[in-house]
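Below you will find one chain, with nothing else, as structure tokens; this is the form predicted alone, and questions on how it binds or moves follow later.
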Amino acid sequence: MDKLIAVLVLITLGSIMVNVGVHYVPVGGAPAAMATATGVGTGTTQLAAGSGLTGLITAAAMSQKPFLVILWNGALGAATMMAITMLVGNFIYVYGVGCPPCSAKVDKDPITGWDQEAYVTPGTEGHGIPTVSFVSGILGGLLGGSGGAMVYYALYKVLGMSAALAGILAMGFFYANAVLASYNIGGTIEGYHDPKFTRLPKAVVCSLVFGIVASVIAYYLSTLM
């Protein structure tokens, strides 16, 4: 019973952290790929999955270490992947497309206080990844990575699954929460300053329910081994 409670807490909390983390990530989708919207030019699930995979690999590399080390490595791996992706994206937007990183959803960048409106091309929602979106993306990577690492720890350490099976299931749980976040966002999001970020409570409830169901399934799956 103690093991079931531990798994319930870890997987449910990890699921919520993944879902919340995805809301912080600046996803621009197809409009951003054409430099007509702020964010990285790909889908929510794809970007979350990329950072989640990196976080799981770095967490698994420390699987014999204490809980906090595994958690920190997962967070660091995912945040590093996000930082590199956004930095390279900005290089392409600035030096390839020729547009400055800016947002049409705020008059001034909430972090730097720099004016945005003068740099936004008319008819677009901004370009690239401005400072507030970049910082938001790092926070999203830290949250999502540590959430994924928490799920991996529950499967590998608490339930005693093999590293391969724990990794596969953790990745599946990560994808499920990323898709839930994607449906909740409904398109693109710039980060925590985006009006869509207020939809976050619905996402938390969805991940809470998913985490409970996934915990019970994972627990009974482990009893069959």
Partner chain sequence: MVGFTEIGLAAAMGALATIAGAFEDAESDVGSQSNPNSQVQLAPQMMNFHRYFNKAISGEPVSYMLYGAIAGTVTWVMMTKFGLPFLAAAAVGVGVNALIHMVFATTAHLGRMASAAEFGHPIYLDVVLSHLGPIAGFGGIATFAIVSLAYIQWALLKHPFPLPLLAALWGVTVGAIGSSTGDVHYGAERLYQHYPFGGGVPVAAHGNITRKAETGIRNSMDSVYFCAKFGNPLTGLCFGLVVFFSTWAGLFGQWGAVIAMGLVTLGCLIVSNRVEKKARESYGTYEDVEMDEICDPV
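Worth saying up front: this structure is predicted, and the values here are computed from it rather than measured. Numbering follows the first chain given and starts at 1.
Quick note: we don't show the form predicted in complex with the partner chain, though the next part is all about it.
S.K.: Between the options Ala176, Ile185, Leu159, Ala60, which residue brings a heavy atom to within 4.5 Å of the partner chain in the predicted bound form?
M.R.: The option sitting close enough to the partner is Ala60.
S.K.: Should Pro100 be counted as a contact of the partner chain in the predicted bound form, where contact means heavy atoms within 4.5 Å?
M.R.: Yes.
S.K.: For Met34, is any heavy atom within 4.5 Å of the partner chain in the predicted bound form, or not?
M.R.: Contact check for Met34: yes, within 4.5 Å of the partner chain in the predicted bound form.
S.K.: Just to confirm, Ala104 within 4.5 Å of the partner chain in the predicted bound form by heavy atoms?
M.R.: Heavy-atom contact with the partner chain at 4.5 Å: absent for Ala104.
S.K.: Please run the contact check for Phe134 against the partner chain in the predicted bound form: heavy atoms, 4.5 angstroms, yes or no?
M.R.: The answer is yes: Phe134 has a heavy atom within 4.5 Å of the partner chain.
S.K.: Can you list, in sequence order, the residues from 68-84 that come within 4.5 Å of the partner chain in the predicted bound form, counting heavy atoms only?
M.R.: Read in sequence order, the residues that approach the partner chain (within 4.5 Å, in the predicted bound form) are Leu68, Val69, Trp72, Asn73, Leu76, Gly77, Ala79, Thr80, Met81, Ala83, Ile84.
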